[in-house]
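In the block that follows, a single chain appears as structure tokens, in the form predicted alone.
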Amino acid sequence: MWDPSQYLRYADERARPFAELLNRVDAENPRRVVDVGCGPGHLTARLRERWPDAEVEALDSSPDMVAAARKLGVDARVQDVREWLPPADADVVVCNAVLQWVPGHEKLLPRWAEAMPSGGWLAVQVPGHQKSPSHQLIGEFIGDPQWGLGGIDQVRDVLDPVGYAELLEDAGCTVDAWETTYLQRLTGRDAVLEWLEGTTLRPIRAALNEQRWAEFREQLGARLRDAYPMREDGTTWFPFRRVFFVARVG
């Protein structure tokens, strides 16, 4: 289960890639704007501010996230992105930090582009930190049989900007693709662990009982403190790579 309150602990930091992504979308008067994987809906509100005359809708696979979004007045529904296609009037589709959870998401993107109207905008951002120390450590823990986490959902590898650009150029789009590494300034003894609890560690937390989760958390936290040492002022630098692409259809 997703925990909206935990996710929103770093709302400002998580919003930065969304803002950068949106800045590259040059749609003027879209009829419909769709937020695919809206989470708690706090960023969907920015779509309504940007395009006040558009129909703005949202979807997410988590009922808890959809419930949180609806409390903010977002027109959100529970939907698996793997079974979704853009409606014919979806002039803007935004998918922020979602597809890293979806196996084979590369096959979805050309289908989405094909379903969208000519001139539509498909804007996507995915974390690209699967080879970072934090995620290498999580992979080691998941692979350790003592935790019984075989088959647990993990953040998947993503393509680099060139890979996504070529994929969508082949689908007939004009593509702008890039990457950014944000240097997050986190605070606290287990700052990186707490950051990861809002996203990457969520499936692990759901799979373990309270005692086992406490043991897992303690052991992983110690390894993360070694990998990301806290500075004398109590802060920790956490490099966080993101991959972006904006495709203009047709």
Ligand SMILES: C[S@@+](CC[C@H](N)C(=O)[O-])C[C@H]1O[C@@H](n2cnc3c(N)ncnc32)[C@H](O)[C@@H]1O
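All figures in this text were calculated on a predicted structure; none of them were measured in a lab. Heads up: residue numbers just count along the shown sequence, starting at 1.
The discussion below concerns the form predicted in complex with this ligand, not included here.
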(message) Only one of these stretches, 50 to 58, 182 to 190, 216 to 224, 34 to 42, has heavy atoms within 4.5 Å of this ligand in the model of the complex; which one is it?
(response) 34 to 42
(request) Spell out, yes or no, whether the shortest heavy atom distance between residue 80 and this ligand in the model of the complex is within 4.5 Å. (result) yes
(request) May I ask you to check whether residue 96 falls inside a 4.5 Å heavy atom distance of this ligand in the model of the complex? (result) yes
(message) Taking any heavy atom pair closer than or equal to 4.5 Å as contact, tell me whether residue 121 reaches this ligand in the model of the complex.
(response) no
(request) Find out whether any non-hydrogen atom of residue 142 is located within 4.5 angstroms of this ligand in the model of the complex, and reply yes or no. (result) no
(request) Just give me the single entry in 102, 152, 72, 171 that has a non-hydrogen atom within 4.5 angstroms of this ligand in the model of the complex. (result) 102
(message) If you apply a 4.5 angstroms heavy atom cut-off, which residues in 189 to 210 are near this ligand in the model of the complex?
(response) 199
